[in-house]
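One chain comes next, on its own, written as C-alpha cells: the form predicted alone.
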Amino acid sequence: MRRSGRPSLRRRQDMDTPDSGGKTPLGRKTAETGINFTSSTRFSRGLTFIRGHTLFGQSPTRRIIPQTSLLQENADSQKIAFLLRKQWTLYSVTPMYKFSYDNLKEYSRLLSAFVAAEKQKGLAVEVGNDLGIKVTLSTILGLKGTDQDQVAILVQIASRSQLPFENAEDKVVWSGWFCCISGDDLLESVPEDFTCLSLFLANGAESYTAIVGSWFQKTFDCYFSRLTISPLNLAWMAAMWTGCKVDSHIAATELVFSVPCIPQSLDISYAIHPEDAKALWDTVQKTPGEVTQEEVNLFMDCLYSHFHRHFKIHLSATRLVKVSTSIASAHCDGNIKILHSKHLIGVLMLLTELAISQIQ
C-alpha cells in the first residue's frame, strides 16, 4: 500500500460484525514543543493533597456519551463558534492559587506588559503604556458540564492595528482557553484558594503559548504540561464519536496508523463510510448513551479484521495515531479540532478527564 492510500468501506454488507466472525518533570524543555515552563513551590503541597485524596489516572471501564447539547442557556454563541473548527494544542493545568474572576481586567493589563517585555527580549516595559500588544482575558459563558464547574476563560493576544483609521480592528494572533468540564471530583479535592481549570487549549505560535504559560505559572503557582493522547484513548474517541448523532457535515471515520520503518515511518490511512461505521457500532453497543472498554475493543477488532481480509495487513501490529470523525479529530501529539457545538461539551468532558489524570 502506498503511503497516501486511503482504503475505505462502502458496502455495509462487507463490514465485519460480531456475528460474522470478525475478530473481535517540571521545568524541562521538550523537543516536541520547545516550551520551558517553570516549577511551582507553593502548589507542590496542594498537588500532594490531590494525589492523596483521589483515584485519578485509573482507566475507566465505561464512559457516558451525551446525546444532546449540554451548553447552558446563557452560552455565548459567538465565542462558542470561535472555538470550533480550529486546531487546538492540549495542555493539562494544575489548580491555580488565588486566581480571581473579579480581576480579569487587571490580569489582562499585567499579561499585556509581560508579553510585550518577552517579545522585546527582556527590555523593561512600563505597565499601562501602549505596547502594540493587547491581551484580553474574558469568560466563556455557558461552557459547563455541571453547575459546580468553574467558568471557562478565554485568553487572546492581539496585535494593535497600525492603520490611522479610528475604527481599525486589532488582529488576533494567538488564542487559548481554560476549562474543566464535569471535573467535580477534582473540585471537591482541593482547598478553596485554588481554582480548577484543568484543561488548556492553545491556537497560535508556540512562543506565545510559552510566554502565557510562564506568566500563569509564576502568577498562580500552577503547572502546564503537554497533554498527549494514547492509542487506547484514541480508540475510545473513535468508538464514542462514531456513536454520536449528527444532522449535518457527516464525514467518514478515518483512522491513521503509524508503522515504524527505517529510514522513515510509514502511515496507513483507513477511511470508513459513516453509514458503515455507525451500522457496525450499532451492532456492538449494548446500552445506548454508554460505552464500555469491551465494546471499544470489539469495535476496533472488527475494523482490524475487515482491513486484514482485504489488504493482508495486521493493523493491531501498528500504532493508532489519529482519529477523524464528524464530531472531532484528534492526534496522539495532543492536537484536537472540534467540529460540532452540539457535541462540544461531550468532547471536553473526555479531554478534561484525560487532563485531570495527568495532573497526579
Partner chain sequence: MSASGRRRRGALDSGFTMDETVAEYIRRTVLKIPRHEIMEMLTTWDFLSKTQLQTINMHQIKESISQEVVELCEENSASIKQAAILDMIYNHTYRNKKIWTVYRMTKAAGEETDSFNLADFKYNFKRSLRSALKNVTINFREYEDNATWIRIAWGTQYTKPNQYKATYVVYHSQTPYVFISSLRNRIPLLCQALVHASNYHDIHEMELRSRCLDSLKDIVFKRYCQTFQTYHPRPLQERNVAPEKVDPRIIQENKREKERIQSVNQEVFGEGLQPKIEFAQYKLETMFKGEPEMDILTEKEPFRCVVKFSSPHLLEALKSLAPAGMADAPISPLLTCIPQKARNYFKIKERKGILSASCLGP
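Residue numbers count along the first chain shown, from 1. Owing to the predicted nature of the structure, the values given are computational and were not obtained by experimental measurement.
Omitted from view is the form predicted together with the partner chain, to which the following refers.
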Check residue 301 for me: does it contact the partner chain in the predicted bound form (non-hydrogen atoms, 4.5 angstroms)?
yes
Report yes if any heavy atom of residue 306 sits within 4.5 Å of a heavy atom of the partner chain in the predicted bound form; otherwise report no.
yes
Would residue 326 show up as a contact with the partner chain in the predicted bound form if we use heavy atoms at 4.5 Å?
no
Evaluate residue 264 for contact with the partner chain in the predicted bound form, applying a 4.5 angstroms cut-off between non-hydrogen atoms, and reply yes or no.
yes
Stretch from 82-90, 170-178, 232-240, 265-273 whose residues place a heavy atom within 4.5 Å of the partner chain in the predicted bound form
265-273
Looking at the partner chain in the predicted bound form, is some heavy atom of each of 245, 348 and 352 within 4.5 Å of it?
no
One residue of 140, 259, 137, 158 in contact with the partner chain, assessed in the predicted bound form (non-hydrogen atom, 4.5 angstroms)
259
By the heavy atom within 4.5 Å rule, which residue out of 279, 251, 75, 154 makes contact with the partner chain in the predicted bound form?
279
Just to make sure I understand: among 304-329, which residues lie within 4.5 Å of the partner chain in the predicted bound form, judging by heavy atoms?
305, 306, 307, 308, 309, 310, 311, 312, 313, 314, 317, 318
